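In the block that follows, a single chain appears as structure tokens, in the form predicted alone.
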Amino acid sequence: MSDDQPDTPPTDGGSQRDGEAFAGTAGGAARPDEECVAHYARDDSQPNENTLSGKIRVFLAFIGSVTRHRVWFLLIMLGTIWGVLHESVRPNTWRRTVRYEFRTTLGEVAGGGLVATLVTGTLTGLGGVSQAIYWLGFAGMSKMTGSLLVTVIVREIAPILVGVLMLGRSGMLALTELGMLTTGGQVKSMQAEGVDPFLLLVLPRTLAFTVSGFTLGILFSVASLATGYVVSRASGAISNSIWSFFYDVVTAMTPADYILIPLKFIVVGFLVGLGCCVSGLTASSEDTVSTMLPRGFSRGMLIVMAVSVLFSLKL
């Protein structure tokens, strides 16, 4: 072929299709038209939805999307749990702003929830502890008083009620605060300025809830047992001193109880605080307070009940 002759398209298979693809381009330019794009973008290896394999793919895709939609919050929680534990032991994490957020949240959760916790513990002692002491003494099973109070009041009821109190009083406040920062764009502004919202907002609040969960849980247990003793002593259902009463309760605890009961208070506080913070930071731009609060409260209740059940099964 001479140099002055124009190039001709190949004559092998597919030459007519390639020629049509590049027809209308100036000077043989490599810019295909819309039909060529549609042709080359189509993947003939993918099965048709009308075939059996296509229907299987559609069904599996539907199952996967539903599963991801249901467990995405759990996966985020698992990731942030590791993030909080990992970052909390690094000295560089505890800067002045993080320490300030921790102290502020600790005062709001532990200090602000102290009265509510003591009142709830007192009511539990009036309605639960005193009745248990009375009926056990009436049935001639007063020796089981300590073990029953440890199992029912301290191990099961106290973590649930303390978790609900922290969730309703302080958890919803943290969720609303972080949710408004997220929907208002302040969180993105922090990221643009080089501030990590996780270290500044999530980590100190979660650890403050953790410390508050242990503190309020112990105070709740002591208040309920002391109130139950006072009522039972006044009604004549019990005659020993308060020190003997608490000694019976303490000796009824097994070695595992000394680890699992405080750990249960700690885990409840940790997960309640973390769940509220994550719910606030994952709010969408369409969310409002009326949509965030019910969703966050239901998630918090599920967290409290799941922790209680898992620790009970462990025991």
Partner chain sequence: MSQEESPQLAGHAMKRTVGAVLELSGATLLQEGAALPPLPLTMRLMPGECMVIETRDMGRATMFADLCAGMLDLRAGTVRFLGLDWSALGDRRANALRGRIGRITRRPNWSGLFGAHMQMMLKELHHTNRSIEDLTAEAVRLGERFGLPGIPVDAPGRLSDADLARMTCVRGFLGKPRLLLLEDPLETTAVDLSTPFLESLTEARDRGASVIWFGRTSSTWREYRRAVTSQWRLADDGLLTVRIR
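Numbering follows the first chain given and starts at 1. Everything quoted here is computed from the prediction, not taken from an experiment.
A second form of this protein, the form predicted together with the partner chain, is not displayed here; the remarks below concern that form.
Contact annotation for Tyr100: at least one heavy atom lies within 4.5 Å of the partner chain in the model of the complex. Among residues of the shown chain, Arg169 is not one whose heavy atoms approach the partner chain to within 4.5 Å in the model of the complex. The closest heavy atom approach of Ser244 to the partner chain in the model of the complex falls outside 4.5 Å. In the model of the complex, at least one heavy atom of Glu87 sits within 4.5 Å of a heavy atom of the partner chain. Only one segment in the set 122-130, 140-148, 198-206, 73-81 has residues whose heavy atoms sit within 4.5 Å of the partner chain in the model of the complex; it is 198-206. Taking the partner chain as it sits in the model of the complex, the stretch 158-179 comes within 4.5 angstroms of it through a non-hydrogen atom at just one residue, Glu177.
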